[in-house]
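In the block that follows, a single chain appears as structure tokens, in the form predicted alone.
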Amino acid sequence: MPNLGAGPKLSASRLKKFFYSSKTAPYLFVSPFILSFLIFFLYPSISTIIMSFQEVLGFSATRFIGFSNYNRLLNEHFFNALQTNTTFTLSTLMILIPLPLLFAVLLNSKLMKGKNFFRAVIFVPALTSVIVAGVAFRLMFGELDTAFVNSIFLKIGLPAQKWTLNYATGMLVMVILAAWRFAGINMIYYLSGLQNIPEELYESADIDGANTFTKLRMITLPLLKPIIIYTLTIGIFDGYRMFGESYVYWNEGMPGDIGLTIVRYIYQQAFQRNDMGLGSAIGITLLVIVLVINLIQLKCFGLFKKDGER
């Protein structure tokens, strides 16, 4: 009489041997990442590049039009959006690099009391949704004299401001919102770096008579350089992909392109006006801009040099 259970047992044994093989197991462990990369990054990226050279007429109807979509980017709205993103990025970087570093140094000091409380206070805004925070800031920076900030201005003798109707004040409000939300995240990065600096270096500096500023310049900043470069790189990326800070303040009919960013321009053209080809061209252009800027800043920091050349 044939053994009916031998077949499934043999198959299970071979399957187990296959999965436990030293040659197979590494590929199985990395397969989720590879599949995710192929499905959610590589395929959409290639599709976007192809679409940027097409006129998309429907879900399946397309027409190749060469560089026409890129030629259409030579208009004042795109350059206004690029100017807004560049100003916003530079402004936020001037705040989000030194200020969180100062917070981290102070909150890492042994002399500081209530460090955990202040760390939590500075980090909590990072957990807030940009929409929720934006609505709160829009009420605070309202146009009426009774709005929170305008009421303070009037009490100290300054004129009330039409915050979102002027380019400079509108930019200021967006920068304040972004700085409020992201200062805590950068502070955590710097704190983790500070706590990895050996205490013996500071003790040796104390023996040599170094003051606080000298220790900051000669020990802290050089050893925090990789983290500063990281926060700078992420800051450039976040600045040029900014959308929420603009979206909560202005609607479609914004005067003079106030608050128009590159990502919002993509949203307008691709989804509100159903011009997917132009939207793809804007997206590819944004990718190239961010890539070039980050490569330049990494080159300036010497990250492409060999270890012996640094």
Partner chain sequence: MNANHKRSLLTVLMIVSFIIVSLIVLFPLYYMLMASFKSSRELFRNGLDLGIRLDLMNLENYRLLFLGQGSIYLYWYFNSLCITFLYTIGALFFSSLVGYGLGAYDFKGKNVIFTMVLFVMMIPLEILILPLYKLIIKLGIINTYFGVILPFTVSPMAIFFFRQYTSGLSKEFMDAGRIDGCTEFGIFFKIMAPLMKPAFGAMTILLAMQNWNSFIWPLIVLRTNTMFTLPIGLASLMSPYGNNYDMLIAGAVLAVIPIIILFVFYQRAFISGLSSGGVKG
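Positions refer to the first chain, counted from 1. Owing to the predicted nature of the structure, the values given are computational and were not obtained by experimental measurement.
What follows is about the form predicted together with its partner chain, which we do not show.
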At 4.5 Å between heavy atoms, only one of the stretches 88 to 96, 71 to 79, 234 to 242, 163 to 171 reaches its partner chain in the predicted complex; which one is it? 234 to 242
Can you tell me if Leu107 lies within 4.5 angstroms of its partner chain in the predicted complex, counting non-hydrogen atoms only? yes
Mark Val263 yes when one of its heavy atoms lies within 4.5 Å of a heavy atom of its partner chain in the predicted complex, and no otherwise. yes
Is Ile258 close enough to touch its partner chain in the predicted complex, meaning at least one heavy atom pair within 4.5 Å? no
Wondering, does Gly209 line up within 4.5 Å of its partner chain in the predicted complex on heavy atoms? no
Quick one: which residues from 126 to 156 get a non-hydrogen atom within 4.5 Å of its partner chain in the predicted complex? Ala126, Leu127, Thr128, Ser129, Ile131, Val132, Val135, Ala136, Phe137, Arg138, Leu139, Met140, Leu144, Thr146, Ala147, Phe148, Ser151, Ile152, Lys155
